[in-house]
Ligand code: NA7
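Just the one chain here, laid out as structure tokens, in the form predicted alone.
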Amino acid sequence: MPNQQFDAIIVGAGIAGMYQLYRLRELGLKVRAYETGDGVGGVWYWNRYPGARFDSESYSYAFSFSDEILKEWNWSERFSGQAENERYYNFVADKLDLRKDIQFNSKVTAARFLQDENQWEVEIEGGEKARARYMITALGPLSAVQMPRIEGIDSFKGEYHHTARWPKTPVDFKGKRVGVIGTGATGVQVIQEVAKTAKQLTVFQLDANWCAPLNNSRITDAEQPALKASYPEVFKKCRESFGGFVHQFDMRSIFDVTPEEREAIFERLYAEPGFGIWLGNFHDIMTDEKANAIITDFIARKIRQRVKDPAVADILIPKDHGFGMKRVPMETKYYEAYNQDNVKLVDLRKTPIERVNATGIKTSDKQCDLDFIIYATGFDAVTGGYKRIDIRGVDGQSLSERWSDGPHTYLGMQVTGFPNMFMLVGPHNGATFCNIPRCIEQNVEWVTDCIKYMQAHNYKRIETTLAAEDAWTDHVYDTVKDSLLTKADSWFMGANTPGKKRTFLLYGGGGPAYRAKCDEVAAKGYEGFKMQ
């Protein structure tokens, strides 16, 4: 028998789980959130590696639902760092008294739907069980840590960590020989920090990424009143933009302006803060390979200007995809780090890693002795968190098996055969390709309204129809049929995880279109769902 009974169980106490808990409590429900870690904040609890920070503007990342929290919290930087971000989520948890309904150090290992009772039973590592009418997953798209499949990892006698499982105690790299494996968004952030103090930093790069300047800056006390007064405008801009950012695509074609004009536009965007060079650029850089080649050439020229050694610059310039086809890592003097005498770049396409051994890393051409290894090797994205929980629906069917050929969902929120299970930021959900907190709020509010509707009509069970699921899945793929996002082997496509089927995991139709569809479904009495 279960230890406890609730109205709703939330899996995860990150950004989505925290807000969902708050909203369901407002409905008067008895709710319990289970969190693997010992603190709130999700991605900003786990990712405490050196250099971890927002690449969305801090004030666009904040919860918008509470004027009181917006007024009381001061962001110190345009793109704030992990420590400040974690403090923010602790501040929110304290302000809303969320911890009383969160059980920390509690990893959910299994969940099964009890058909006769229309309830979910979840099991926590160690054997504890609990039941609830609704189970809401708030796992996060980047939570399933992925270590590389390299022989001998455990044989290394020095210190090593994955960036998303970084120790809470400070780590000092001064006088140490450090190796970093991975040059994605995380690798870029950690490399530029470690390079400042390490005796020797060796970067092991499998695939180069197109990076652009973050252009971060402090937010002074004098600027705080104007910033807070601008929140309604900021959130309106995010709501209207494709990706929930303050940046909006230029709807002109790149070919509508002269070469001189577009070069000036590129220079301006490159010098401005944040994702503007990607998401505030001409819209056709994301759909037209000829247009994309022009911005790609611009970024390549910038790399060559910033890296002194032409041979090193060439290694850092991607050859397998154009600019913006993967999520663009934002950097602060990342390329300049390779001009330092203490930084060396290893091209794993030419000299692959053979194994990790007691003293370091052995590539095909030499031994690299190290004191510290950092694995910036990413995540089994979007679906990985679900695969690591044994989720069983109607007749005991496994969610992992159901998704063996890629995810199938309705609105990215429900799956046929898994009644009363709602997914926040799930596969094919509009919150996946988004400034996530902006879209998290939409997800949470939609789920909350749906549960409120069920209460009002005394429904005990909700499940999407197979027809609605199939239509939505087809629509998801249709949104990216002309997009260059599908051309690159990125985590968007699941291509960073060995053995995972290459398929688009996000939603490419944009925030406004996704929100409109969700609103339409609700207005039509939750069309596409069966309630009983």
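Counting begins at 1, following the sequence as shown. What you see is a predicted model; the values in this text were computed from it and never measured.
Form predicted in complex with the named molecule: not shown, discussed below.
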Exercise for the section: Could you spot which one of Val171, Ile317, Leu206, Ile219 gets a heavy atom to within 4.5 Å of the named molecule in the model of the complex? Expected result: Leu206
Problem - Option touching the named molecule, based on a heavy atom within 4.5 Å in the model of the complex, out of Gln200, Thr377, Ser80, Thr416 - result: Thr377
Problem - Segment assignment from 221-229, 283-291, 98-106, 319-327: heavy atom within 4.5 Å of the named molecule in the model of the complex - result: 319-327
Practice task
Flag this candidate site as yes only if Leu142, Ile150 and Ile181 all have a heavy atom within 4.5 Å of the named molecule in the model of the complex; otherwise mark no.
Solution key: yes
Problem - Leu348, heavy atom within 4.5 angstroms of the named molecule in the model of the complex - result: yes
Exercise for the section: Using the partner position in the model of the complex, report whether Trp491 sits within 4.5 Å of the named molecule, counting heavy atoms only. Expected result: yes
Problem - Distance check, Thr186 to the named molecule in the model of the complex, heavy atom within 4.5 Å - result: yes
Exercise for the section: Although the named molecule is absent from this view, report whether Ser56 comes within 4.5 Å of it in the model of the complex, heavy atoms only. Expected result: no
